[in-house]
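Starting off, we have a lone chain in the form predicted alone, written out as structure tokens.
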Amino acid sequence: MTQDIYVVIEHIQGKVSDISYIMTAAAKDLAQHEGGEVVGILLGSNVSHLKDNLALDRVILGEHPDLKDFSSDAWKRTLLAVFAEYSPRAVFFGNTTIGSDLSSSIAAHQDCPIINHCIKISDQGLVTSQICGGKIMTDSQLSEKTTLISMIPGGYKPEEGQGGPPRDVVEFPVPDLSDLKVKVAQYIEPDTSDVDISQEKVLVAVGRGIQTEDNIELAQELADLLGGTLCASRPVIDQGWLPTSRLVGKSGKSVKPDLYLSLGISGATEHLEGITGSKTIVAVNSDPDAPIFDVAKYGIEVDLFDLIDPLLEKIEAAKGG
């Protein structure tokens, strides 16, 4: 077994996902303690250029038409071949739909340990995980076997994993993929007729704490006064109170506004993944243990309905003055 720390690079439609930069930053910290290098595994088709802005020592590049869009079977086979060839000390996966699919099946196939919900590598080189909705933090050591690590956002900024280009690129021979049971036929993008929240500078986000659809109007009024756009977490979208184009998080969009005002959002991992690029996060929640406070620059422990009316009055007065 080597002491190198590997990162499975996630990318969608020609763009590296923020979680890949976050994993790279964590891998750098872990590699310092283990004495190895940070190695990225980049799978796809015509994706070599994606390596140039990642702070990696080395890249293992696997290119094949059947790896162009994520396919669980194709990616799993290729990764297993990579691990058999190089025997890494640890491998980072994103705590995303892609990473969770791969890490769980590979852990079962290889009978190797997996540490979930990693948010940070401690000063002692331990893997710090956030569990029970952020209410408990645990520290874990790497196993004697290759250890898989599932990474969540919040402990690192994406820019901490940016850099490059890598010192070395190794072209890896992709195994036979001719007998795949499932292949990607088409990539269907969501409706783009609505506003693109990923490009907005000011976002007002509502979550379960908004309680009813009628209360959406209050949040919309606040967004209008701030010159921003209304968006939401999964519970609001599932109720049909806002369109899916306004969904922030793992199954929605990643956003990078100058101001992200969160109203009544607890901060589940899936939501936090989409807001780590925000310059300033302001969280309003009545639960002092809400995970959203862990990533917010400013936090207010209050019922949002006790705040929103006086806040509207203050903004209106300021704009009138």
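Note that residue numbering begins at 1 and tracks the sequence as displayed. If you superpose the two forms and keep the largest set of C-alpha atoms that fall within 1.5 Å, you have the rigid core. It should be emphasised that the depicted structure is a prediction, and the values quoted were computed from it without experimental measurement.
The discussion below concerns the form predicted together with a small molecule, not included here.
Out of 246 to 254, 161 to 169, 220 to 228, 69 to 77, where are the residues with a heavy atom within 4.5 Å of the small molecule in the model of the complex? Only one stretch passes the 4.5 Å heavy-atom test: 246 to 254.
Tell me, which of 57, 34, 270, 63 has a heavy atom within 4.5 angstroms of the small molecule in the model of the complex? None of the others qualify; the residue that does is 270.
Just to be sure I understand the contacts: of 124, 141, 211, 87, which is the one whose heavy atoms reach within 4.5 angstroms of the small molecule in the model of the complex? Answer to the contact question: 211.
Using 4.5 Å between non-hydrogen atoms, is residue 40 touching the small molecule in the model of the complex? Because no heavy atom of residue 40 falls inside 4.5 Å of the small molecule in the model of the complex, the answer is no.
Non-hydrogen atom contact residue 103 with the small molecule in the model of the complex at 4.5 angstroms: It does not: once the small molecule is placed as it appears in the model of the complex, residue 103 has no heavy atom within 4.5 Å of it.
Residue 234: touches the small molecule in the model of the complex, heavy atom cutoff 4.5 angstroms: Result yes; residue 234 sits at the interface with the small molecule in the model of the complex.
In the model of the complex, does residue 284 have a heavy atom within 4.5 Å of the small molecule? Residue 284 belongs to the contact set for the small molecule.
Taking the small molecule in the model of the complex, would 207, 290 and 302 all count as contacting it (heavy atom within 4.5 Å)? Yes: each residue has a heavy atom within 4.5 Å of the partner.
So with the core overlaid, does the Cα of residue 235 end up 2 Å or more away between the shown form and the other one? Yes, because once the rigid core is superposed, the C-alpha of residue 235 moves 2 Å or more between the shown form and the other one.
Against the rigid core, is the Cα displacement of residue 253 between the shown form and the other one at least 2 Å? After core superposition, the displacement of the residue 253 C-alpha between the shown form and the other one reaches the 2 Å mark, so yes.
2 Å or more on the CA of residue 288 between the shown form and the other one, with the rigid core superposed, yes or no? Shift of 2 Å or more: yes.
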